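Let's start with one chain on its own, the form predicted alone, as structure tokens.
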Amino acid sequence: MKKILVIGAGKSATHLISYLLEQSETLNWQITVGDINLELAQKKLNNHPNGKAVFFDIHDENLRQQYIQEADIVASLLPYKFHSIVAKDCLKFGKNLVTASYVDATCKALAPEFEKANLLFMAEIGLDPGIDHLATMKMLDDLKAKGAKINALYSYTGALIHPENDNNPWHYKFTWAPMNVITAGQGTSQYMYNNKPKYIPYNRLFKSSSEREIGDLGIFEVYPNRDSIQYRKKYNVDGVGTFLRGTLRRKGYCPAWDTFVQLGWTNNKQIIEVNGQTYTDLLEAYLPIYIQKGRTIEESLAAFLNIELDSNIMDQLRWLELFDHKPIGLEKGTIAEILCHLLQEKWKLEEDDKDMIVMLHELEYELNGEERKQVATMVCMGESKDNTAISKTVGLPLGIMLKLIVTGQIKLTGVKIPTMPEAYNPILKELAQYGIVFEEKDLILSS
């Protein structure tokens, strides 16, 4: 009996655990789910005979190493900063490791050790990163096999609210980790355009969005995400002149979110003593003195942002009750935590709400004297507040990858991401059985 250890039983683990339990019935697996919330782990296993819930604290070295040593393979759904701790234990006890998170510098540095130990650390096998790698690499390899010259690649993903539940002026609700949304885009985004690197600092990021129309869903805003340039080499397309990976949001989100970036309300470092203040008090404290002279708070903010009082952005901010002297309700916190506290109330999923995942890939290429564009879109709708599209699109590729490794269909070593045919072909094929499919169209740009 193969023993699979899943660390973390949060929202993204739901479909992963269900998939592994389903597979365990024919493949003779035992699924151990560890979480600091034992009750949550038990709930996710739902009394399945092949499931076992355990208390797991990443900071308890003895307990952590005990469960990792007992497993045949480990899947970590912990926050990314803990993956290197798990990875070092996997090296110590000779275990393969799978995660859905980006490969950070600490984990990347472990690649020689995983190679030497003949072990695999497969990362970035979730939604984004994950399904985006699988679909993009298949498109690239298929076009290359036809002799196409790739000129541009764009890849975008958005975790959004289902159209039926899109009922606020932001057209957004929290469907995944709220603080990750608050701090998204910090640093400098990098991408390639016409063979030259482009850099967008955080203070300009949400001013730099462009638009895409996606089928019947309408218009979306897209903006660059993190460091796209590093993926040119990982995708084996160093010569592609334009290469950009980014994020999708509904139209109107980016310019409104830029308000909080300009105010400095996404900073998660300095602690603020709230002392009974309201959000309006805090807004006043963050506005320059010269702006406020002779103006109301609303007028001051509009002047600071250089927008009209009756603009859509101001309506979006009014909907958040920023001008209504709403009590903050915290004793202290960073300004990002205080903003998150407000948005978790205003952007929360209601009991009957569902989510939606939208992914868009665009490849511009030349073939047989024609300039063409291949477009692939994937839309996945959640079924309920708990049975979400994001859980499905993160958990299923991770689960299928685990199966491929455990059954010996993938025999790689080192620290890898899923860009190879032995990963993307079987995973995309099986994802289609669960309704995760890409609709493709090919357009002639010029001939």
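Since this is a predicted model, take the numbers as computed values, not measurements. The first residue of the shown sequence is 1; numbering continues from there.
Separately, the form predicted together with a further copy of the same chain exists; it is not shown, and the next lines address it.
- Among heavy atoms of residue 304, some come within 4.5 Å of a further copy of the same chain in the predicted bound form.
- a further copy of the same chain is not shown here, and in the predicted bound form it never comes within 4.5 Å of any heavy atom of residue 367.
- The closest non-hydrogen atom of residue 215 lies beyond 4.5 Å of a further copy of the same chain in the predicted bound form.
- The shortest heavy atom separation between residue 371 and a further copy of the same chain in the predicted bound form exceeds 4.5 Å.
- Only one of the listed residues (337, 104, 298, 284) places a non-hydrogen atom within 4.5 angstroms of a further copy of the same chain in the predicted bound form, and that residue is 284.
- Think of it this way: in the predicted bound form, a further copy of the same chain has a heavy atom of just one of 119, 148, 237, 263 within 4.5 Å, and the residue is 263.
- Stretch 201-209 is the contacting one of 351-359, 82-90, 201-209, 306-314, since its residues have non-hydrogen atoms within 4.5 Å of a further copy of the same chain in the predicted bound form.
- Judged against a further copy of the same chain in the predicted bound form with a 4.5 angstroms heavy atom cut-off, the residues 3, 19 and 24 are out of contact without exception.
- If you take 188-211 and check each residue for a heavy atom within 4.5 Å of a further copy of the same chain in the predicted bound form, you get 188, 190, 191, 193, 196, 197, 198, 199, 201, 203, 204, in sequence order.
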